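This document starts with one chain, in the form predicted on its own, laid out as structure tokens.
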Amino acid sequence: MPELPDVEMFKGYLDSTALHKKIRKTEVSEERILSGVSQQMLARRLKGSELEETKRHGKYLFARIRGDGWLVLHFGMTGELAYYKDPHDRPEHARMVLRFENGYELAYVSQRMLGQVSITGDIESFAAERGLGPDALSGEVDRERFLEMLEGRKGMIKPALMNQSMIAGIGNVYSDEILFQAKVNPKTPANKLSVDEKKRLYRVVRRVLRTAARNGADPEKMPRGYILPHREEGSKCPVCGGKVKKMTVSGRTSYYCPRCQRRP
């Protein structure tokens, strides 16, 4: 599922392609992707308008509609964006298409239709209504607040990091990388971490997410010593040379190195 670094990449893509282009028409081929807005209302709100700027909160991308709220994009498991001119280049699973007066189109692509398209008047209200915590890279999450978030949590640390109501943006893939870099086993109870371990985890969260975003969320472009390019059982650990293992943590498949991430 696209996580914070992926959505940051989509944000940059939209910024560099579709901002400040007048929208001529909006097409929705599958209304199941719409949430809280009808196809007719979406088309009416966007027609003749422009997307003026973008913001991201966790796994959600927001594009300001000129003078009239925000278009909200959530990418689900397989979502992405595509900007093109030739209609023959329209992706197979384009579920929503914005057609611009300059002849180009922006497609919201979702093969499995697990994402959402909606409209909101206010980002903070939208996040609050969905119970989202602060964005993992926002100024709201300083070290002291991060430590407070983990205070008293009895569950395992991996699902805590993935809990969008605690901190928004981290999913299954990047929680694995964060825990690998912090040398913390995914099944470690959050309340068993020392203060120093929590401080290190905070630093690693920000470093990993920023590094991934800077590298276009491409595992093959991650620095040497990251587990992402080796996220397969039996792969060689990039740090110690041991074998990468997989296990299930709260119903999610997790990859880790038993040597580097020992159980407490």
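The structure displayed is predicted, hence computed values, not measured ones. Numbers follow the displayed sequence, beginning with 1.
Beyond the structure shown, there is the form predicted in complex with the DNA, which is absent from this document and is the topic of what follows.
You can rule out all but one of 134-142, 80-88, 109-117, 177-185: in the predicted bound form, only 109-117 has residues with a heavy atom within 4.5 Å of the DNA. Against the DNA in the predicted bound form, the set 26, 64 and 216 makes no contact: no member has a heavy atom within 4.5 Å.
Proximity of residue 153 to the DNA in the predicted bound form falls within the 4.5 Å heavy atom cutoff.
Proximity of residue 243 to the DNA in the predicted bound form falls outside the 4.5 Å heavy atom cutoff. A residue is said to contact a partner when one of its heavy atoms sits within 4.5 Å of a partner heavy atom; residue 32 meets this definition for the DNA in the predicted bound form. Residue 17 falls outside the set of residues with a heavy atom inside 4.5 Å of the DNA in the predicted bound form. Shown without its partner, this chain lists 45, 198, 231, 56 as candidates; in the predicted bound form, only 231 has a non-hydrogen atom within 4.5 angstroms of the DNA. Of all the residues from 160-194, those having a non-hydrogen atom no more than 4.5 Å from the DNA in the predicted bound form are 162, 164, 171, 172, 173.
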